[in-house]
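The chain below stands alone, shown as structure tokens; this is the form predicted alone.
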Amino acid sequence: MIELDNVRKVYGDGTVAVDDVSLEVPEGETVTLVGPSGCGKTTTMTMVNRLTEITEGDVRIDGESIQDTDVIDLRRNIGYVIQEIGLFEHMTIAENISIVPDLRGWDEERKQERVEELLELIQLPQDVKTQYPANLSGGQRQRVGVARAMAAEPDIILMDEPFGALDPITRDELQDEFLDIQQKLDTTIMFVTHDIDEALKMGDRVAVLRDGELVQYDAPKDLLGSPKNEFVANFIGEDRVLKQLSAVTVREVMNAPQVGEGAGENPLSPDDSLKVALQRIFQQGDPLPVVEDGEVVGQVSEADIQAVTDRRTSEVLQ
């Protein structure tokens, strides 16, 4: 667990970047920090690994203040992914991924096994490990950046606009892959983004910041259903009812499958969002089967999704 307790950051010129922010990130969850430029989201996150030193307040990891931990040891135990990726161009992909394990004294066999395991996890071929960053596409380089952050098996990963520089298709693919990875690893993650759609998609909880202050901290469904004030409502956008389709899973609305129904070529997963379900229905037909562990466990129709939007629209109007 990460706990921010009344943290404040004031720079030498008197600028208040973060003002009295308190929140808890439960173990194994992803919290997204979102807000307009200059709202303090990156500063808030980088106080966790002390890249930004706290002026007032405290940050605790599993109950222990980060001020009581050696800063080098702290950073070696926290993965960090940035938009610019920051791979070392003169090092192979395997060497880039192995940087922190190497600093922590892992032997060659263990490092090699970890590199191979991570390449499989991020869906890159094994022969990539002997190549250099310049030989990879932007999406592949970003995957390597994520793998490097996970290499030493950290309990916490900090991500600063990790997919912001990618084209929309690659960005969406990497978001989906990372959500799958997170389910397997159960790592605690703080994820900075300026994109409310990405924040809602990636976060178990969303922290909305403005002018250094925490305005609202809620699960995506609660944020969409009950924005705290006009700023949050405007930041989410007028289509917040439709955005809720990204925050509702197929599992929550699926019905019993039809007798003898097959899986088809591109079935839904129970963990897909209703936004994904609606897109697939438009492309493939209505209803669509839902498959889990190779078995058809349900189905979802356009009418099921319409019922959700009707209900949410009624709640918003109230």
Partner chain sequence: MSWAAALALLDVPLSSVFTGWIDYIGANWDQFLTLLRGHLVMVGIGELLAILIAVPAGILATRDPRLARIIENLGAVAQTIPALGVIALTFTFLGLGKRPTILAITIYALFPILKNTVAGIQNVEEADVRAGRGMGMTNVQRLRRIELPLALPVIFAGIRTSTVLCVGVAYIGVFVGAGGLGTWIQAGLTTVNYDVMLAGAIPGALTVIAFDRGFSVLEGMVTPEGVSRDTTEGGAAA
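The structure presented is a predicted model; accordingly, all values stated were derived computationally and were not measured. Positions refer to the first chain, counted from 1.
If you look for the form predicted together with its partner chain, you will not find it shown, but the lines that follow are about it.
Enquirer: Please state whether all three residues 174, 178 and 248 have a non-hydrogen atom within 4.5 angstroms of its partner chain in the predicted complex.
Expert: No.
Enquirer: With the partner removed from view, which of 208 to 216, 87 to 95, 187 to 195, 136 to 144 is the stretch that lies within 4.5 Å of its partner chain in the predicted complex, judged by heavy atom distances?
Expert: Every other range fails; the passing one is 87 to 95.
Enquirer: Select from the listed residues 166, 233, 128, 99 the one whose heavy atoms reach within 4.5 Å of its partner chain in the predicted complex.
Expert: Of the candidates 166, 233, 128, 99, 99 is the one lying within 4.5 Å of its partner chain in the predicted complex.
Enquirer: Here the chain is shown alone; which of 75, 114, 221, 201 has a heavy atom within 4.5 Å of its partner chain in the predicted complex?
Expert: Filtering the options by heavy-atom distance leaves 75.
Enquirer: Under a 4.5 Å heavy atom criterion, is residue 43 part of the interface with its partner chain in the predicted complex?
Expert: Residue 43: no, not in contact with its partner chain in the predicted complex.
Enquirer: Is the gap between residue 155 and its partner chain in the predicted complex 4.5 Å or less for some heavy atom pair?
Expert: Residue 155 lies outside the contact set for its partner chain.
Enquirer: My question is simply whether residue 82 lines the interface with its partner chain in the predicted complex - judged by any non-hydrogen atom within 4.5 Å.
Expert: Although its partner chain is absent here, residue 82 would touch it in the predicted complex, with heavy atoms inside 4.5 Å.
Enquirer: Applying a 4.5 Å heavy atom distance criterion, does residue 160 contact its partner chain in the predicted complex?
Expert: Yes, residue 160 is a contact residue.
Enquirer: What residues, if any, in 267 to 285 have a non-hydrogen atom within 4.5 angstroms of its partner chain in the predicted complex?
Expert: Not one residue comes within 4.5 Å of the partner.
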